[in-house]
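Take a look at this single chain, the form predicted on its own, given in structure tokens.
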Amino acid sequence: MTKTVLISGGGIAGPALAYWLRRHGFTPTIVEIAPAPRPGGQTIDIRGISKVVVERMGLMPAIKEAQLHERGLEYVRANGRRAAAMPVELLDGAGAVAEIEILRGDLASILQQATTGVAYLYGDSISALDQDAQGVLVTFTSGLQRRFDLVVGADGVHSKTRRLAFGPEEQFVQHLGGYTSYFTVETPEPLDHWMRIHSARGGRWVGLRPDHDPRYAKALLSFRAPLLSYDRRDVEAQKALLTERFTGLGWHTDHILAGMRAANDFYFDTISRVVVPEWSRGRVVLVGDAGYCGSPLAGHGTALSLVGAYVLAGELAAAEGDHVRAFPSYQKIMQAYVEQRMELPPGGIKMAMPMTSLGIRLRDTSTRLMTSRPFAGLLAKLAVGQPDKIELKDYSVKRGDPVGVAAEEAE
């Protein structure tokens, strides 16, 4: 029976999968290219059926203790005055700001603490995969070689595992016409628990989101552009690109750019979606953004990762480690839910980030109209009236694994 599983990626999907695999009696190992756990990061959310998964993990109390209490999304003008707003309660947590918002680093830390019995290999990554009938010989960039029964790519949009086992990135990653960046800055004004966005001509977004410490905020800079040629490892060049694009936009833009230069948690990437027709190749399988990602515009990325990890581990347990049965079953169960939650909002990036002043005014006007009293109830029904297209099985421990049995008895 399959026992050893290498998971590439120590963010959200990887540790969540390791938690469930260990509970079902497998021996997971996580390899993470970063030298240590990454603190901070952007704000992410837990919504829909993924709340059931974290409740089954027993992690909801820790998540609620670490969550950020945001009141909603505000669009603001260059002078700081509100142009439109979408409060959380208006859409019952189904809008741009969810009921449970948490920093990515905080959720990753909670998952890491829940996987204390799992081996983490930091500062390393997979450089080669050689599959045979008995397993996978994995070569790491450090030069180490080890055999595993299965390998899982949980290493995000630019998955190295996917490239090695499935093919080049351009076959699966679709650029949606934009770029985004996140980092921490000193708060230029009290945010009062609101996420605030200033839109400027040229399809540019300047945003601030609350942090736990009111002295700081999570800044975001996003802009529309075709595919650009840049070095993903050259952070200073990326910061220079953003400085050139955003200088002089008004509101708190210059303050944010100044804070960006000193930020040690800077992140920059394309706004892209990932579509992989088949999520497995032999003994290698994908979970989370590596296999299915609707982009930040679609949201639900964290939910898809948590639910995907739960289903993948459960199907492997139900098949007693037989990946030939488990991998297709995992995709079959997840497919409709993934397609549903990868859908972009109406208008996509063009609606979210208009290119002209007129487009910005039309978006703000339509937001005010849809959130006004005559339409708010209808909008709320449309937002919450689409339940997740998946039914979670109850994958109980069946093989008498002492770790899993103890966990279930504790529940």
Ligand SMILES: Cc1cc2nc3c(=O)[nH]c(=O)nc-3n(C[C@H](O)[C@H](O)[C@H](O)COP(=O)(O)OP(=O)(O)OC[C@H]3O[C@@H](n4cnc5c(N)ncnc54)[C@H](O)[C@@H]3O)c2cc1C
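Computed from a predicted structure; not experimentally measured. Between two forms, the rigid core is defined as the largest C-alpha subset superposing within 1.5 Å. We number the residues from 1 along the sequence you see.
The form predicted together with the named molecule is left out here; the points below concern that form.
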Have a look at 284 to 292, 243 to 251, 308 to 316, 131 to 139 and name the one stretch with heavy atoms inside 4.5 Å of the named molecule in the model of the complex. 284 to 292
At the 4.5 Å heavy atom threshold, is Tyr182 in contact with the named molecule in the model of the complex? yes
Determine whether any heavy atom of Glu70 comes within 4.5 Å of a heavy atom of the named molecule in the model of the complex, and answer yes or no. no
Answer for Leu21 alone: is it within 4.5 Å of the named molecule in the model of the complex, judged on heavy atom distances? no
Is Glu169 close enough to the named molecule in the model of the complex to count, meaning some heavy atom within 4.5 Å? no
For the spot marked by Ser8, Ile12 and Gly301, is every residue within 4.5 Å of the named molecule in the model of the complex through some heavy atom? yes
One residue of Lys239, Arg146, Lys160, Arg224 in contact with the named molecule, assessed in the model of the complex (non-hydrogen atom, 4.5 angstroms): Lys160
In sequence order, the residues of 38 to 62 that place a heavy atom within 4.5 Å of the named molecule in the model of the complex are Arg38, Gly40, Gly41, Gln42, Ile44
Once everything's superposed on the core, is Gln42 shifted 2 Å or more at the Cα between the shown form and the other one? yes
